[in-house]
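Shown here is one chain on its own, the form predicted on its own, set out as structure tokens.
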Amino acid sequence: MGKIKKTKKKIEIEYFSLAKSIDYTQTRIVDANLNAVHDNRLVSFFDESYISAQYKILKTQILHKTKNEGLNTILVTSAGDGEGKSTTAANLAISLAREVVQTVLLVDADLRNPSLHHLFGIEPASGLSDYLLKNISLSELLINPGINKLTLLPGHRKFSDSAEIIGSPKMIELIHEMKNRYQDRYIIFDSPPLLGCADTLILSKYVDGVILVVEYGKTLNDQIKKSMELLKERNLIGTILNKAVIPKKQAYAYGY
């Protein structure tokens, strides 16, 4: 991925240009750590980034495919570990939130390895698993990371055996509530890798569409074929080719 050549002062100016215009009353506002945002490649924070422009194209394509049909719950996954699904989910959510109309809820549904809060440089005291297992209210969990119209439902503790939790009636009811409560909201789910556990297949039954992230030079053809086979009865919105080398100054790009 290309370097983000910006001074900290300029980053701060651009970051705060996204200042909150929504009056959050039940959602905590915890500004994202700018250094973490930069280091973790949340490029959608920065208008001048080449890859940020690629996310804008991706966002436009997704809006075209989903908006008129009322499809507003999208799950982002990958075949295996470390292929960029969480970074993709976060960047897509930020890019969508910067549209004029809709709000965005970014959900860390990877209970095996919750990581979205790390990307923003935020350390939540609780997360989705606490809602599902401890009856902690959502209002105590939701975080606005300092970006207008974006809300984060973070993960917290890791669970090695999470399929039963993710497929529980309470989780299914939560997805239904998220989908139907606000018609102008997109819900982006970051889920575990598709080939590693049953969680993603369970979740994919209750969302409107799936985006599969494939890493250039890493994801094997057999893994892609297996993933496509598992998703053949789901609405596969698209496949993102992550970290594809291009013959220009920008080192990497995202293809859709």
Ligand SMILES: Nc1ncnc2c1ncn2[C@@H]1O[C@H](COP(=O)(O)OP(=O)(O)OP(=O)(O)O)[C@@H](O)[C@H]1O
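Residue numbers run from 1 along the displayed sequence. The structure presented is a predicted model; accordingly, all values stated were derived computationally and were not measured.
Same protein, other form: the form predicted in complex with this ligand, not shown, and the subject of what follows.
With the partner removed from view, the residue among 113, 144, 129, 103 that has a non-hydrogen atom within 4.5 Å of this ligand in the model of the complex turns out to be 113.
Checking 81, 184, 164, 140 for any heavy atom within 4.5 Å of this ligand in the model of the complex turns up a single hit: 81. A residue is said to contact a partner when one of its heavy atoms sits within 4.5 Å of a partner heavy atom; residue 87 meets this definition for this ligand in the model of the complex. Among residues of the shown chain, residue 59 is not one whose heavy atoms approach this ligand to within 4.5 Å in the model of the complex.
Though the partner is left out of this view, residue 193 does reach within 4.5 Å of this ligand in the model of the complex, counting heavy atoms only.
Although the partner is absent here, residue 243 sits close enough that one of its heavy atoms falls within 4.5 Å of this ligand in the model of the complex.
Heavy atoms within 4.5 Å of this ligand in the model of the complex belong, among the stretches 93-101, 173-181, 73-81, 131-139, to residues of 73-81.
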